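Just one chain is shown here, as structure tokens, and it is the form predicted alone.
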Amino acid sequence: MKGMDSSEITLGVVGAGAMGGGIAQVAAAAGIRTRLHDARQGAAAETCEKIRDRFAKRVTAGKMSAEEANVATANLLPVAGLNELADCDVVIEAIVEKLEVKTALFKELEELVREDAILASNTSSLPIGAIAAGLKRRDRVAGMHFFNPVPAMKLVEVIQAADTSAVVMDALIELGGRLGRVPVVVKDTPGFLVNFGGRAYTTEALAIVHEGVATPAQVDAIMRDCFGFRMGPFELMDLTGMDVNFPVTRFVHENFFGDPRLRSTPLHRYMLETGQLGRKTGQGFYDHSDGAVTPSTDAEVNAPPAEAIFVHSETPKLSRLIEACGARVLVEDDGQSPVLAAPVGEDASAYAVRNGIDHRRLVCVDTVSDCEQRVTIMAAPGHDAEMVATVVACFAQKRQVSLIGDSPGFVGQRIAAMVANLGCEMAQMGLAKIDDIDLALRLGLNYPYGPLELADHLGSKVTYRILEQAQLLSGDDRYRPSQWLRRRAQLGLSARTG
């Protein structure tokens, strides 16, 4: 196989859709001779023309010189037949996500290309080993999974199947770097790193809405304001589309033999079945039509603010928050004022019973989350609504307030702990290096923290307690802590300890 540092390398791309076109664009711009093929007549030529237009726009914007654009354009060639890829050093497939279609293509390519050529699939979740299973030379097949839009997304997962040779892996890692991507080596597993690890963020948000704990808009606001995510989970699903994210979620869940930690909800399926796909149809979890009203995320203020509050248990962060919002923290419970607490993993009902507190006066505050911009509060069934309203009014003087239904782990604790737990499970399975798991989810999903970094941000003991309590109170093994997390929490170690 030719060295990837050679300026003479020729890359073939099969599939002229968004992914194949994106791969061809970054390859041509990187100085690689690139041939683009699509089974649909004229599609490759049409995509190449669009790529040339993008180069021209980059020149106009000062992001590319005219000379660079000319060289990149010269590197790009649409080809009508697969046989015109015969002398390529690497061929990357980027066609429909159907195993039988991919395997048929790879068998055809195997008969056309040289013995030392590499065949790679851009599949987002199908097993590379299954794609290669019927080939004579399975050792030269690997995965090279880019992310959409390819020119903007810097990650590429390089997937090693059981028979993939080290030489092929080294060559594709080098190629990924030359294409300006950050290559991360991943084991051949359903969903690889990003599509597997990314399940927790959206499925736990769906579970929260399914239980009536919060609205999609409330969930999104909490994850943006209290955990620093660029997009809330429902905004993200509307962006990618239910026709994309539901099938991937179902595929990963089924291929991990129904692991409850990967389970979605009937609402997710219903959105797909009713055509509420998100931005692409104008309606998803949000109304995207012109003039649509943005759903409210903040609790209504309809009472005077509480002036005195008793804090149950020693919780300095909660006491400081109350004082910052203008109320006085009582030294002793006066039997009349609101009682505030900051449970970890518990709901208000369980906390009240365990501590013998009058549930009518109890208001729980999530202090695991960042409270500088938004405060999340909840109360038990049968609570004193007027008293809760005074607490809302108190916090609303200085913060935005989300009032949610009673829930083990509030909203933010639950979602963050589930993201962290799935990252710990990936580390336990050895899907990639610990640093690469975090890197892949930061780059591939724009998370503010990688999942193991998030576990450390919360604290491994806190993360473990959230999950442990949620599993205990719900009876659902969805919250089963990863053994990787349990061991490190019990030993007081970082979740990133190897």
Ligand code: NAI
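Position 1 is the first residue in the sequence shown; the rest follow in order. No experiment lies behind these values; they were computed from the predicted model shown.
Another form, the form predicted together with this ligand, is not on view; read the next lines as being about it.
A.B. asks: Report the residue, out of D38, D436, E468, E453, that has at least one non-hydrogen atom within 4.5 angstroms of this ligand in the predicted bound form.
C.D. replies: When this ligand is considered in the predicted bound form, the option within 4.5 Å is D38.
A.B. asks: Hey, in the predicted bound form, is L11 touching this ligand, heavy atoms inside 4.5 Å?
C.D. replies: Answer no; every heavy atom of L11 is more than 4.5 Å from this ligand in the predicted bound form.
A.B. asks: Do F285 and this ligand come within 4.5 Å of each other in the predicted bound form, heavy atoms counted?
C.D. replies: Because no heavy atom of F285 falls inside 4.5 Å of this ligand in the predicted bound form, the answer is no.
A.B. asks: So in the predicted bound form, does any heavy atom of R414 sit within 4.5 Å of this ligand?
C.D. replies: It does not: once this ligand is placed as it appears in the predicted bound form, R414 has no heavy atom within 4.5 Å of it.
A.B. asks: Would S124 count as a contact of this ligand in the predicted bound form, using a 4.5 angstroms cut-off between non-hydrogen atoms?
C.D. replies: S124: contacts this ligand in the predicted bound form.
A.B. asks: Please name which of the stretches 89-97, 275-283, 73-81, 327-335 has residues with heavy atoms lying within 4.5 Å of this ligand in the predicted bound form.
C.D. replies: Looking at the partner contacts, the answer comes out as 89-97.
A.B. asks: Taking this ligand in the predicted bound form, would A16, H145 and N148 all count as contacting it (heavy atom within 4.5 Å)?
C.D. replies: Yes.
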